[in-house]
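Before any questions on binding or motion, here is one chain by itself as structure tokens, the form predicted alone.
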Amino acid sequence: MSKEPLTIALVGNPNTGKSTIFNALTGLRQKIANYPGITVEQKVGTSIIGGVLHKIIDLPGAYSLNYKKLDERIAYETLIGSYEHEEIPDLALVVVDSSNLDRNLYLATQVMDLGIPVMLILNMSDVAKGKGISINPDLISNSLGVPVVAISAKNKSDIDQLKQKISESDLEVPEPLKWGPDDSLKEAMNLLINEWIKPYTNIPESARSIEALRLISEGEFNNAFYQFEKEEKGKSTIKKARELVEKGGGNPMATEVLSRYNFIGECTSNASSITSQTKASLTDRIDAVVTHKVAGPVIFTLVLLFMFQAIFSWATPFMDMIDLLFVEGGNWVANTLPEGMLNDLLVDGVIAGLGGVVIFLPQILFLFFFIYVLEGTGYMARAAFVMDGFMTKVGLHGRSVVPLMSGFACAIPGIMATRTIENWRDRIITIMVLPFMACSARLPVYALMIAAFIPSTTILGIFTLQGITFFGLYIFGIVMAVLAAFVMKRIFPTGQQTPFIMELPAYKMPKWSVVFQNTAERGKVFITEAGKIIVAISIVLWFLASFPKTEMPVLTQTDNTEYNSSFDVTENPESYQLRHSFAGQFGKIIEPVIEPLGFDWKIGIGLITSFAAREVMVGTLNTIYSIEEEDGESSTLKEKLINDVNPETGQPVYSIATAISLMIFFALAMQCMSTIAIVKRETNSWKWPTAMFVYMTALAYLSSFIAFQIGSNL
């Protein structure tokens, strides 16, 4: 192998352990982000192999290179070198599931046609062995003409074996079209390449055969990512090519697929065999209960209840520690630096704003920890399967389940995941209701209100009223999504339904190092991404809340012994300054609109700033209340909310009714400009994001109004 640094791409179907191999190869030398301009996850890292530092790219999972979905297109473009943000790989490691060899090798044969060095990794060899499947890697290597290594990604020794195999690779390019298309298909491919693809498109030469096969199968090039000319010429050439296949007795849509699978069958017939007949597997026995039409939904509900109770309860000690750290840190800075504008900016702006959100890091970590555990064990796919029938009845496609569940983390990747839904009606309904799912950005608001105003009463010995309220908010979002979908099902015209097909992976113990590593990475993203916004908004908000400088009037007595009542005699100078600042004046303007919901002007400012990112709401409140504190005072945000009193009425600003109203508003309102932007891009129209913003905000306002009015009169 060359001693020069290489770019190595990991390619494979979903659920083949590709990411586990990536994590094992790169360790901590990796970063997770989104591809530029799109919210498909990109993982890049480095690995030292044979003393050389190589770049490793974990491409999105794909079943084929026909790129009907965005993640498949990204994988395809990267492999052929047409994706401007990644260089063409020097080596493609195609990861396959050893227990499902034939299906996984379809993608491998496509990658082999791209003119780049390929190595086949037979992962999950331990799972295959447990199913009584015996595989001879050498025979498969001889049949395919590429290096093959059988491993279990969980074993460090197997990863070392993989590194050795990569180190010894001569980077030989496999023979293209080794699967052997018949004469009519070859003729059709050559016609399409020579008469249209080569002269009129800019697609790389290495991809021309694959693209010709895709066009013959699809019969159109509407989804083409490359530039092309002579559209009518292209259409007529595709038609001629398909006619050639039909004259040869083949079906343009199926000829390539059948030929590839025939070749794969020949390659694996002698190299793979079932050595023993096993009884019903553990997965089958568990699924008999977990996917049962009655027990399945009950188990799913209990899993969610336990998860959200644990998130709230287990994170509390860590949150208290972080809260104390920021309070004491703010006090130290305030007492160390000389008094002045810089002191106020750092303490009341940056530290208060950032501390108001960092405190919720433990809950974010626990949330993603549980999500990764459920994914790692294989239960997440079962949850989608269990909910399929119900989702279909209320107007959502079975494929909507996975995007909706992704919405628990963030609505943006969930909306992107709707690209797997082929029917436009089903897809648009899913997009329009997906923001109701309680994303992690809402979690700080929920946690703050629940901790401050919901009693921690124990119920049934193991649950608390706070935990049940937390769980109830997530269920509330799900119920509202279902009701909205039910209504939209009757508004939008019915389209052609497509079946829901999903592969259920075998149950397995999650790889804990991967779970913890991914959880830590998500926490890092939360701190860095949210932190940037929060610090910026906190500085702007501090300025708006600190200026113009206003001196509190001196109390005077008039001739008729009546006191000047232009200000509250019990109000402190800091509170007076805040009320007369730019922020206070703006808040007072919008207060009449939100007062029926139980919100004051401070909450109103938070509602505006949280449109940048929902979690900014907490940072905004912390900044405002920190500025309002009297000199020498310092307390947690929870204490500030509990003790806040309206200077005009003398009544507490917050009550249980106010807290519930605010949580309902955040559960339903479209408080996320990033989601608005991604809906616009996915629908290619401002109509849908505008409709989403209007109907969700109106629903949130009405629901909060009802909740507050009822709660205030109980």
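One rule holds for the numbers: they count along the sequence shown, beginning at 1. Think of the rigid core as the biggest set of C-alphas that the two forms share within 1.5 Å after superposition. Remember, it's a predicted structure, so these values are computed and weren't measured experimentally.
There is also a form predicted in complex with a small molecule; it is not shown, and the following applies to it.
J.: Classify residue 152 as contacting or not contacting the small molecule in the predicted bound form by the rule of any non-hydrogen atom within 4.5 angstroms, answering yes or no.
T.: Contact check for residue 152: yes, within 4.5 Å of the small molecule in the predicted bound form.
J.: Answer for residue 123 alone: is it within 4.5 Å of the small molecule in the predicted bound form, judged on heavy atom distances?
T.: Yes, residue 123 is a contact residue.
J.: Does any heavy atom of residue 703 come within 4.5 Å of a heavy atom of the small molecule in the predicted bound form?
T.: Output for residue 703 is no: heavy atoms all beyond 4.5 Å of the small molecule.
J.: Is residue 101 close enough to touch the small molecule in the predicted bound form, meaning at least one heavy atom pair within 4.5 Å?
T.: Residue 101 lies outside the contact set for the small molecule.
J.: Decide yes or no: are 109, 118 and 209 jointly within 4.5 Å of the small molecule in the predicted bound form, with each residue judged by its heavy atoms?
T.: Negative, none of the three is within 4.5 Å.
J.: Of these, 177-185, 292-300, 538-546, 153-161, which stretch puts a heavy atom within 4.5 angstroms of the small molecule in the predicted bound form?
T.: So the stretch in question is 153-161.
J.: Sort through 371, 334, 127, 191 and report the residue having a heavy atom within 4.5 Å of the small molecule in the predicted bound form.
T.: Only one listed residue qualifies here, and that residue is 127.
J.: Aligned on the rigid core, do the two forms place the Cα of residue 659 2 Å or more apart, comparing between the shown form and the other one?
T.: Shift at residue 659: below 2 Å after core fit.
J.: Cα of residue 704 displaced 2 Å or more between the shown form and the other one, core superposed?
T.: Residue 704 C-alpha, core-superposed: shift of less than 2 Å.
J.: C-alpha of residue 21: shift of 2 angstroms or more between the shown form and the other one, rigid core aligned?
T.: Passes the 2 Å threshold, so yes.
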